[in-house]
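Form predicted on its own, single chain, as structure tokens, below.
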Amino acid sequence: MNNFIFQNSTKVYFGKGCVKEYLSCLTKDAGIVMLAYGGGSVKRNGVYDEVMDILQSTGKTVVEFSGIMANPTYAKVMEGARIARESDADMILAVGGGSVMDCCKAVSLAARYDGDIWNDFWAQPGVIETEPLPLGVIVTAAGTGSECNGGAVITNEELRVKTGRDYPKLNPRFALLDPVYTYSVPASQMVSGGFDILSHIMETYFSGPDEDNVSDDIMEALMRGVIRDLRAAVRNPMDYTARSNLMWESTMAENRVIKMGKRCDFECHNMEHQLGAYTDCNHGCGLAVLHPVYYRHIYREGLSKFVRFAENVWGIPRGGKTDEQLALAGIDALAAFIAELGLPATLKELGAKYDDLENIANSCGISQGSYKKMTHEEIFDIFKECYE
């Protein structure tokens, strides 16, 4: 194992009824709560009413910040910061999936920071000395794992840049995870979120070190679980065991535990983020298109890990196969699983324009953790292979 320092400050409350049981005491010191959510699904599924009843019954003044989009923009962040300042909010309560949580982390910092928040923190890594506005989250969709880290992905529409940063000070103070809240998520969103979970694990797994280590062992178990639980949830969306497993697998993928001692390769995320900046495509769908093609470009440089992936995650027997044949069989199994889930297979399906691909490729960040040193030219080749 490589050296590491581990810290996670978010306190998690997990299970049926956890919002009713704990929300009032978790917000007891906040007189004014800024309630943040997305496009209104929380109102249709009853979560909004439940949360509002709890807040109002304890005498809170509630200020609403709604309309957070699937790929939150810098303009939306600044809108939220203005509302938080003008209302003198004591706390932000984010109710939703990863986009709502990401946006609200950025808002929590922007509301307390007097400088240029984009240039100082999102355009490049910085150091947060400002104390963010306290943030709590109620998770309604499994996917990003944003509930248990300080990471946030924001799109600057004017610059056509989608970027993420992870600052421990932006960790939510608490996270309430009731798997029942995910039941009303549309099947397509559940599947794309589930693939995002798998992607987060794979992008950490497919990186050094390759010697036996605890992180890789945990990740193999998690990947097998995500595959099993996604299949079960597709068969029966009300399968509590599957939905609760997916919710915790999402958190485990991004609460920093599995990243300990790993280099991490998030090149596919870098590529998908820039695709999203140009197309506003669904994040999980974009990742599903990219992963198999990207892995066929790098598997030789990480051959031993791709062999483990085939054997330990997909259960593919050696059966006389060479290492290279076994590695490719594992990637083929991943591609078949993507097709089984009904996820898209081409960038054209996501609305990407062929003439934009070179510009998108040139704007992508280069991961230092990749088994293979990527170039913008090779990323462009991957995009072309993925196009149709």
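Numbers for residues come from their place in the sequence shown, where the first is 1. These numbers come from a predicted model, not from an experiment.
One more form of this protein should be noted, the form predicted in complex with a small molecule, which is absent from this view; the next part is about it.
Which among 106-114, 225-233, 302-310, 184-192 is in contact with the small molecule in the predicted complex, heavy atoms within 4.5 angstroms?
The contacting stretch here is 184-192.
Using 4.5 Å between non-hydrogen atoms, is Gly97 touching the small molecule in the predicted complex?
Because a heavy atom of Gly97 falls inside 4.5 Å of the small molecule in the predicted complex, the answer is yes.
Given that the small molecule is not shown alongside this chain, does Gly330 nevertheless sit within 4.5 Å of it in the predicted complex, heavy atom to heavy atom?
Gly330: no, not in contact with the small molecule in the predicted complex.
Would Ser363 count as touching the small molecule in the predicted complex under a 4.5 Å heavy atom rule?
No, Ser363 sits far enough from the small molecule in the predicted complex that none of its heavy atoms falls within 4.5 Å.
Just to confirm, Asp102 within 4.5 Å of the small molecule in the predicted complex by heavy atoms?
Flag for Asp102 set to yes.
Using heavy atoms only and a 4.5 Å cut-off, determine which of Asn245, Ser207, Thr140, Thr251 is in contact with the small molecule in the predicted complex.
Residue within 4.5 Å of the partner: Thr140.
Considering non-hydrogen atoms and a 4.5 Å limit, which listed residue (Lys76, His291, His283, Lys262) is close to the small molecule in the predicted complex?
The option sitting close enough to the partner is His283.
Each of Lys11, Gly46 and Arg173 near the small molecule in the predicted complex, meaning some heavy atom within 4.5 Å?
Checking in the predicted complex: none of Lys11, Gly46 and Arg173 is within 4.5 Å of the small molecule.
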